[in-house]
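Okay, so here's just one chain, in structure tokens, the form predicted alone.
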Amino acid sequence: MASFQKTEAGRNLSLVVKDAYMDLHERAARGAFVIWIAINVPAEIFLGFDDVVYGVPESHAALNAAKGIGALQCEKAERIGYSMDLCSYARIDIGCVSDNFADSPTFGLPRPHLLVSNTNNCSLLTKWFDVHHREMGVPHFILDVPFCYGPQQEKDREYIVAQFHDLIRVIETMSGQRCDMEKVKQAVAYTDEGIGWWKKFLGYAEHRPSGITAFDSFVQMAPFLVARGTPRFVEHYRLLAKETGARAAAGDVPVPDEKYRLFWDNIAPWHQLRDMSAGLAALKANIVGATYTSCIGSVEGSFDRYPYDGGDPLAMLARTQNCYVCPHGMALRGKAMAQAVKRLGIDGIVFAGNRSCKPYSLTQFDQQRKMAQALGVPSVMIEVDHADVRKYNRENTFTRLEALIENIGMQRSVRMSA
């Protein structure tokens, strides 16, 4: 499991997540306006209101999976007619709602007044949130973010900003509150500062041996989902980066005998973080980076931080709506991954074919071929599901991972003898 669970940053992470859910429930109970959002909906906008709170069904679903009850929640959705082929996040969430969040580690999410989804993660999201729209009779606002085959165009940014203004008007009308854009601007500044520390934390993967594992970054991304736009967001990532740097400088690293440096492509396998991390370490292998966490705070085609210039906060939020991998064409995906592979000195790539995330997974074979041709980096395709352990086979997975490591070793031997 992530090494930071035993550190000050690990303990603080638990407090940040616990306090975020407690604050959400307590404020909702006192009458706050509640919104359920998809992960890339800009939560900083809601901080412009005096009494608006938000919950993230995807984040709550991931937490259920990490706590070992993802399959239990999925089965609840399947029993009422939802297909096992649907995203496991969606099935967990729908299953949770179906019995009023029984078994949830956070007592669920408070009932929403408004649902806000978007189109730049996956097409399923809008259908998933529509389930709640129909069952609860709650309005559903959809942010339409254009797919990008190149850098975001000005007309697309203006299109997104116009929708942000529409969303603000909807919340003002429904909640009876006014949005203070200066508060939104401050929230965007806090997020930008925190992401600066996040990128510094990820940068310790460049050390040899790496100061982190990708499993650390998977776990530590939680504040981005529940606390961005706040001073606590900044404080946590500052603590994380500084503590990681100090540990790396002292030689206190997660895989001291690191021999193979790997890169992960797809969502985190929440139900397997501990076992997979330990299993790879036993093979002297470390997954030091991942597209899933590297893309935070970036723009299409790069994993570098896109800094806030202090100007229009909505323009900044619109510009970074394309940070995630799913709404990118192959050229952009390839450019960002190649950058990371070179920067981190990657020996091999693990493409995690995810049965629950088709937009992330469908192009992976093309990406695998592209990386082999362009960089000569060996890779392997494994099968996993980010939240449903029933679709994971440990023996098959580690057989393929061991084959990748053997391949890397053989290539090294050939180079040394040449």
Partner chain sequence: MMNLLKKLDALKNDGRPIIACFPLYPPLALFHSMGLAPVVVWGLRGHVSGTETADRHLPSYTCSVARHLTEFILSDARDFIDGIFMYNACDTLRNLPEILTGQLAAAGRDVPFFHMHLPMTPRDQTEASGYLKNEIRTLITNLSDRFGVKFSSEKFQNSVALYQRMRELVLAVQDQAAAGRLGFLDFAEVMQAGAFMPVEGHIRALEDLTARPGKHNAGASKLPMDNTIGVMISGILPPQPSVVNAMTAAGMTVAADDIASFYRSYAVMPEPEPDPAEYYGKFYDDHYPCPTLLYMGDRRWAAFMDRLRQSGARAVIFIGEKFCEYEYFEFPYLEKRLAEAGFPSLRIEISIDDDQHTGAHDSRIAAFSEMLRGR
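These figures come from a predicted structure and were not determined experimentally. Residue numbers count along the first chain shown, from 1.
The form predicted in complex with the partner chain is left out here; the points below concern that form.
In the predicted bound form, the partner chain stays beyond 4.5 Å of every heavy atom belonging to residue 274. Although the partner is absent from this view, residue 361 contacts the partner chain in the predicted bound form, with a non-hydrogen atom inside 4.5 angstroms. When contacts are judged by a 4.5 Å heavy atom cut-off, residue 81 counts as touching the partner chain in the predicted bound form. Shown alone here, residue 55 lies farther than 4.5 Å from the partner chain in the predicted bound form, counting heavy atoms only. Stretch-level contact analysis of 198 to 206, 245 to 253, 212 to 220, 81 to 89 against the partner chain in the predicted bound form, using heavy atoms and a 4.5 Å limit, identifies 81 to 89. Contact here is defined as any heavy atom lying within 4.5 Å of the partner chain in the predicted bound form, and by that definition each of 120, 147 and 326 is a contact residue. Put simply, of 239, 338, 142, 181 only one has a heavy atom within 4.5 Å of the partner chain in the predicted bound form, and it is 142. For the options 189, 102, 124, 174, the one in contact with the partner chain in the predicted bound form, meaning a heavy atom within 4.5 Å, is 124.
Of all the residues from 329 to 346, those having a non-hydrogen atom no more than 4.5 Å from the partner chain in the predicted bound form are 329, 330, 331, 333.
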